[in-house]
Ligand code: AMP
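In structure tokens, one chain follows: the form predicted alone.
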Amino acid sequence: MSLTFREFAEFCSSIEKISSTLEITAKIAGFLKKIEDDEDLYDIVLFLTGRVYPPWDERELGVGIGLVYEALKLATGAEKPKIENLLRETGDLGKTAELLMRKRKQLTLFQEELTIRKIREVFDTMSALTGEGSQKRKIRLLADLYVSSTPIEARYLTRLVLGEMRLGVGEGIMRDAIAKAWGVSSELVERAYMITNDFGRVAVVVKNEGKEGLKKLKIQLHIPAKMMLAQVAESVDSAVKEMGKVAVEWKFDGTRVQIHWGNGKVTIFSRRLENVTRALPDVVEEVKRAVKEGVILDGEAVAIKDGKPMPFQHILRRFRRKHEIGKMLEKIPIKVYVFDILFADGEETIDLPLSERRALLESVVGKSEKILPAEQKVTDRVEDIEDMYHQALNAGHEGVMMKNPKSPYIPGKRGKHWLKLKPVMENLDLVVVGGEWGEGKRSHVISSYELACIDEQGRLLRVGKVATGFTDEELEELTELFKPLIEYQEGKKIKFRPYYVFEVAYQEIQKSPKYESSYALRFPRFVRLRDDKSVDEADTIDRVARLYEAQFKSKKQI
């Protein structure tokens, strides 16, 4: 029998009160271990991390804050102003829904006990709805769930449909909980997750097949693996000393893509592992024409016009475009520079050394002006690396990548095998949590944005507001982008559901009692929207603290 949603909600409530990551991990492990039904286990693992589907799955609920308001109104009779007032008091739409359920005048005779399976069935129905009338049908389906909900179920149902569970259960906690529940190593669970990007699947496999089942999991076409990451190089000298021979490539000013070409179709994933295939029909056609089928390639999509890279924001416009994509093909032409290969001829290639993967990559990519192997030079000469670095900067790109030719491809890992060298920039990537409407001629746009870093449990800690660095065009675009994320407004002030990340520059970091982080940015300036980064990839409070200390030391030395 399927687990009840109330049991799940009560468990969520119990771990929400815990601050110790070890204690949360142990409680989740115990809870997961008791779940007998595989479908329930799959869903509960995803739900605990705030997901209804894995990030690469094209299905989505399509439920925004406005739709939740309508469903709550239908289920409880509460008008929008009342919901907004409660939201101002609680700061959480989940707790607001809980309060509204408590205040309901009567219970319906048609209430049915909600189970995990029932929730999944309704979610799948909602995600399949399209076209005229689909929004009204979604409101009705969600309202029906609210009608059958107890107050505590309403809290977590609301959070789940908005993808914000507020439990502090990140990837690390879920990885360790699954490992603890079935007595396998965290490293094995992590590897399985990095190549499937689906903790639900990992949990079901380890429950039924143990560590041997995890070892059998391999990279598959059209299911993205996490992308290998680089860390900042201390210097060119230290990289050459560490690696001996260095494979040097330009660091392009674009956005990362993973291209899957096999079984007659092409699928393209972003760095966030979102399916962006529809936005890139020109790339899809060129891959089919110029690349040997049966491969997974890693690369960078760059918007290039008249031989020069266009600003990073342009390529994000291509990625976000859902309609009239054809009009964007000429406005924002794209080239993809591929630099690695994860799969070929039915086999993973990630354990091969980079030098062998590079030869394989060159053998599968034919002549093309749109899909090109990134130029690579293998050298142990510091002068050669510095030459390539200056060439990249002069061409309008970010710098160079220095890679160990002997290294494997390690999905999701940031280590010394890949080093990035670019001009010293201590910018921060911060989550946008609030904003404020402008004045005068800017009264129709959101003119400033409130920013937050994250702590180790995923909580958001504010560090300041940014109101400079935007063009008028960017303010218009960002306003349209953020409107669906507005939870409530108070005068000109706005609270957003956290979803987008800004890269910001600043003059310095100061200590400040004004914000929960205890820090404030002095003269922050908007650099760009990091649409390729998810909230959990934003900078941490630890990094803010390190940058604060570093600037303090440098002042002492002057």
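Counting begins at 1, following the sequence as shown. It should be emphasised that the depicted structure is a prediction, and the values quoted were computed from it without experimental measurement.
Below: the form predicted in complex with the ligand, not depicted.
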Verify the contact flag for R155: yes if a non-hydrogen atom of it lies within 4.5 Å of a non-hydrogen atom of the ligand in the predicted bound form, no if not. no
Residue-level question: is K420 within 4.5 Å of the ligand in the predicted bound form, judged on heavy atoms? yes
When the contact criterion is heavy atoms within 4.5 Å, does E249 count as touching the ligand in the predicted bound form? yes
My question is simply whether E487 lines the interface with the ligand in the predicted bound form - judged by any non-hydrogen atom within 4.5 Å. no
Within 4.5 Å, heavy atoms only, which of R104, K370, K207, R271 is in contact with the ligand in the predicted bound form? R271
Could you work out which of R414, R320, R137, K215 is the residue within 4.5 angstroms of the ligand in the predicted bound form, going by heavy atoms? R414
Which one of these stretches, 478-486, 433-441, 400-408, 168-176, sits within 4.5 Å of the ligand in the predicted bound form when only heavy atoms are counted? 400-408
Residues in 273-300 close to the ligand in the predicted bound form, defined by a heavy atom within 4.5 Å, in order: E300
